[in-house]
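In structure tokens, one chain follows: the form predicted alone.
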Amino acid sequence: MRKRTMGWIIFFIALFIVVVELFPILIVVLNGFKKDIDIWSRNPFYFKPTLASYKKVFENEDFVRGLKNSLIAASISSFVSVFFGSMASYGLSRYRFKINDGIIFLLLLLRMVPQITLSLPFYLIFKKMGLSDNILGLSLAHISFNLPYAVALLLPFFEGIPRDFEEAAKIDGCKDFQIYWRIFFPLASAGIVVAAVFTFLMSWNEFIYALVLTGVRAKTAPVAVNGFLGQYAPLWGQLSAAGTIMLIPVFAITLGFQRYIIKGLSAGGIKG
């Protein structure tokens, strides 16, 4: 009886947290279907749907270009970070050197450096290299925080794979890269998916580097959304519509890979 009561208490606490978390998102989604005058003058629950805000958002070239740039930068950053991060994790887990712990500590330390402190050095370097206001430059900046994260996240997955697989592959004549690519990469697929999803979403939502390092050509969606604040007053309808559009990939990726994310996290990725 006591166990059942505790179960219900936990259920209602969890339900309360979910409602609190989803309420602001619900308001944003509803406001995207309202006119600005209705958002300003009527109560939050007044709802007379219109697609006017979405039409204006999709007619805004800055925002559409920003979506495309965000997708490209997030894809490049995620792919490079996971590919090289998985190789680094494989190497750190299979080859034990005295400096391994120092390397892992340094990677975690780099991940904790605030982006605002690196934005000016990146700006000066990329300006010198001709990568200012460039998607490649922005992707490199995103890789700077995604790569250490991918290495730290994937390390427990590779450490958890028995060495018997490696020894069997060597007996069959596999080289080091073949062992990594054909044996360990598939076995760590749950962690690879988790790392790919998280690095993509971190890059997709990134704002500081995009604001400092980009101009008109490489502007990303989060910066373009900032433009809907308006000169005299926020354009709440368009802001909400743009925010809702940006949420779609987040929900689609999270729900689409939910099974792999749960499997990956429960397998020990977060423990690293």
Partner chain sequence: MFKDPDFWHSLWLQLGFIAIALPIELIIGFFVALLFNKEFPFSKLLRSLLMLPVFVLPVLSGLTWRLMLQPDYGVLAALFQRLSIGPEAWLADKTFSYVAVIFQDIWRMWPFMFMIIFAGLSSLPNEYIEAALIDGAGFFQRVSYIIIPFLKPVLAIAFLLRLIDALRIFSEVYVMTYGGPSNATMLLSLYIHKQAFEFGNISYASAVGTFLMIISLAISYFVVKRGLRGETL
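Positions refer to the first chain, counted from 1. Just so we're on the same page, rigid core means the largest C-alpha set that superposes within 1.5 Å between forms. Since the model is a prediction, treat every value here as computed from it, not as a measurement.
Form predicted together with the partner chain: not shown, discussed below.
K.L.:
Assess the spot marked by Leu22, Val113 and Ile116: is the partner chain within 4.5 Å of a heavy atom from every one of these residues in the model of the complex?
P.N.:
Every residue of the candidate spot has a heavy atom within 4.5 Å of the partner chain in the model of the complex.
K.L.:
With the cut-off set at 4.5 Å between non-hydrogen atoms, does Arg42 touch the partner chain in the model of the complex?
P.N.:
Arg42 belongs to the contact set for the partner chain.
K.L.:
So, Ile27 and the partner chain: in the model of the complex, are they within 4.5 Å at any heavy atom pair?
P.N.:
Yes, Ile27 lies within 4.5 Å of the partner chain in the model of the complex.
K.L.:
State yes or no: in the model of the complex, is some non-hydrogen atom of Leu92 no more than 4.5 angstroms from a non-hydrogen atom of the partner chain?
P.N.:
Outside the cut-off, so no.
K.L.:
Within a 4.5 Å heavy atom cut-off, is Asn60 in contact with the partner chain in the model of the complex?
P.N.:
Outside the cut-off, so no.
K.L.:
Choose from 179-187, 76-84, 129-137, 97-105 the stretch whose residues reach within 4.5 Å of the partner chain in the model of the complex, heavy atoms counted.
P.N.:
Going by heavy atoms within 4.5 Å, the stretch is 97-105.
K.L.:
Given a 4.5 Å distance limit between heavy atoms, list every residue of 226-243 close to the partner chain in the model of the complex, or none if there are none.
P.N.:
Contacts from 226-243: Asn226, Leu229, Pro234, Trp236, Leu239, Ser240, Gly243.
K.L.:
Can a Cα shift of no less than 2 Å be assigned to Ile39 between the shown form and the other one, given superposition on the rigid core?
P.N.:
Yes, because once the rigid core is superposed, the C-alpha of Ile39 moves 2 Å or more between the shown form and the other one.
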